[in-house]
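In what follows, one protein chain appears twice in different forms, each by itself as structure tokens: structure 1 and structure 2.
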Structure 1
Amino acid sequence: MPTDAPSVLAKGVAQAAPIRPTQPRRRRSPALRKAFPYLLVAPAVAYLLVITLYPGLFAIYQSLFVVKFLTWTWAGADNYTTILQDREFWAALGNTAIIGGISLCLQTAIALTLAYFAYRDPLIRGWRIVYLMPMLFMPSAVAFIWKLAFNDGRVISDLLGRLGLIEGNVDWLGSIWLSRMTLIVADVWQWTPFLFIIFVAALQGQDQEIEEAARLDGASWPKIFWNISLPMMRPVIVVAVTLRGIDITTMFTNVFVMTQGTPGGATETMSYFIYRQGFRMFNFGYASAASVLMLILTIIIAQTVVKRAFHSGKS
């Protein structure tokens, strides 16, 4: 068998020989080597630039005009000076913060509570599927579910009436806070699962031995959760809540279907404000100015909160 080795080697060489001419072509020049990773990311980046940078520049340009159908009249910074004094604009900004903020806090609290109870439960797979379901409906469908439940079908009023909590019919669109609350309920119902799924995965991924050790020391489960698990999963919470927070600030579908901003603009979010200015009132220049301001806000948030969240999440 010692003769085998040389023959294999020889065979290898013999095989390599005919390939050799192609070899130099395959080995790239140093310049190409260096450019290679850029070539790999280029198509994706180019695609995203067309869909983000171009609209960004277009919006900045258009925001300097008053657009009436096909005629663009130069307006300079007029749109911006008007918008900064526009009470509806500031109201939309405030509504987005209030509705989104309350909704996000509720979702986080509920998802954490559920995750705490569920992650050690033998039926966790079942809970997960059931809790996921609201998230799997189209957002427009969810908006209709709650529109029917609150307003058109009067189901919530009826149920609360049977419990003796209220009398008669509540006009949910009639008051600022009730109207906002319907949006919050719809958002919490649909999106709590998003946070729940992530929190449960984080808890299950944690080192069980630390919990066991604390358990042997006589610590109770709530104490373990509060003092050990929660601090350990902080980076995960930051990432998940940041992602959810970003999505909440773009809230549109529920407003469009359920409230259309009523009463008196109390439920108009930034997205709906831009939509209404642009596609209902055809003030495209004005809508673009609002878009630019919102874009600036987004970039600031992205550069600070999100960048930090994803760096801590990676570690």
Structure 2
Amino acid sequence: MPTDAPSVLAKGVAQAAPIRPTQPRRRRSPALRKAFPYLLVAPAVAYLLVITLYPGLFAIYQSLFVVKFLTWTWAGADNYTTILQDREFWAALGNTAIIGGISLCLQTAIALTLAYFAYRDPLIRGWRIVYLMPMLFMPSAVAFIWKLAFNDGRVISDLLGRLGLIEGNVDWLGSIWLSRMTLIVADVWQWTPFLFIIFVAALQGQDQEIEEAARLDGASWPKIFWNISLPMMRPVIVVAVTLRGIDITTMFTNVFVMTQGTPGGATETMSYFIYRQGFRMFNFGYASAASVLMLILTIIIAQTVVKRAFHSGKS
């Protein structure tokens, strides 16, 4: 019977090849296995600490000095005691609360209304990026556009005049409340989509069986939204509004481009106050003290709101 040459050759090679014992796989020590996940995220954590923790600690340290460029004079808590007696500081804080509070309320109401009408639309799911378009513009560009529309280009005055609502041109930035309104309009236009897309995602993520059961019981869509969907969205609403509120406290670009804090400081927010003290009056220690106080106040308010909202939701 003929012998298959390839099979014989393969058999010979297999017999000739030495059999090497398999080396046992080296196992990591328990300590290394526990530390390995932390080692993976360590570079990112270090980077975040460098760009967040260090500037904050430096601002706290600088707030204890009277800083004039390279001249540092120890002041202790004098900057804090002085700033608490500064009327301009409290005025800027009040302006931030007024402008930011009205803007946040309008953004929340508009975003909830749009989410109420639009979350079932299939276009929302496929074209979410379209609804985020205002957020994609640079804040400085948005501020220039609205400044052009309100005052420089007189577009708004012309439209209202053609509708017969006003006569002549309106100096939108020359009145206290009108200038505040321009900042509110610009902020609402750009950042309402942020809340809107979060609310739509929260509605789409809810259990549809609950809505179907309520519909079978004869509940209308407004009642379902008000009595079922809205309470279920409460944690999402609280977190989204808190994040947006924290961001509003840092409103600077619109003020810098559109109003410069005028008229009479009526639109000077805390961010612009800190900028003016630090980069126009070159009082860096005083500006650092104001920023530290603003940070503490923001943390206290945000923590209180979130804690009360979630605590009341559990009870």
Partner chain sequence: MASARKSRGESLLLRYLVLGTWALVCLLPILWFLSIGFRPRTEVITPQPIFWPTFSLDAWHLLMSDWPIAMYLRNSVIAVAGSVVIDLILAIPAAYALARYDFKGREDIGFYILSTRMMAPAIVAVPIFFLFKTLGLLDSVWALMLIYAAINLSLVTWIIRSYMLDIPKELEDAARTDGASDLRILWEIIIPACLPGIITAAVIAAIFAINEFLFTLLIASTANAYTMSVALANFTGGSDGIIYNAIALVSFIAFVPILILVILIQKHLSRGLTMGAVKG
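Throughout, rigid core stands for the largest set of C-alpha atoms superposing within 1.5 Å between the two forms. Counting starts at 1 with the first residue of structure 1 and goes up one by one along its sequence. Since the structure is predicted, the reported quantities are computational estimates derived from the model, not experimental observations.
Visitor: Mark the structure, either 1 or 2, that is the form predicted together with the partner chain.
Guide: It is the first structure (the form predicted together with the partner chain) rather than the second.
Visitor: Hey, does I246 budge by 2 Å or more at the Cα between structure 1 and structure 2 once the core is superposed?
Guide: Superposed on the core, I246 moves its C-alpha less than 2 Å between structure 1 and structure 2.
Visitor: For a quick test of reading the superposition: does W72 move by 2 Å or more at the CA between structure 1 and structure 2, rigid core aligned?
Guide: Shift of 2 Å or more: yes.
Visitor: Please report, as a whole number of degrees, the rotation of the smaller rigid part relative to the larger part between structure 1 and structure 2.
Guide: Turning angle of the smaller piece versus the larger: 7 degrees.
Visitor: Could the core-superposed CA displacement of V305 between structure 1 and structure 2 be given in angstrom, to one decimal?
Guide: Between its two positions, the C-alpha of V305 lies 3.6 Å apart after core fitting.
Visitor: In Å, how large is the C-alpha displacement of K34 between structure 1 and structure 2 after the rigid core is aligned?
Guide: C-alpha displacement of K34 between structure 1 and structure 2: 6.3 Å.
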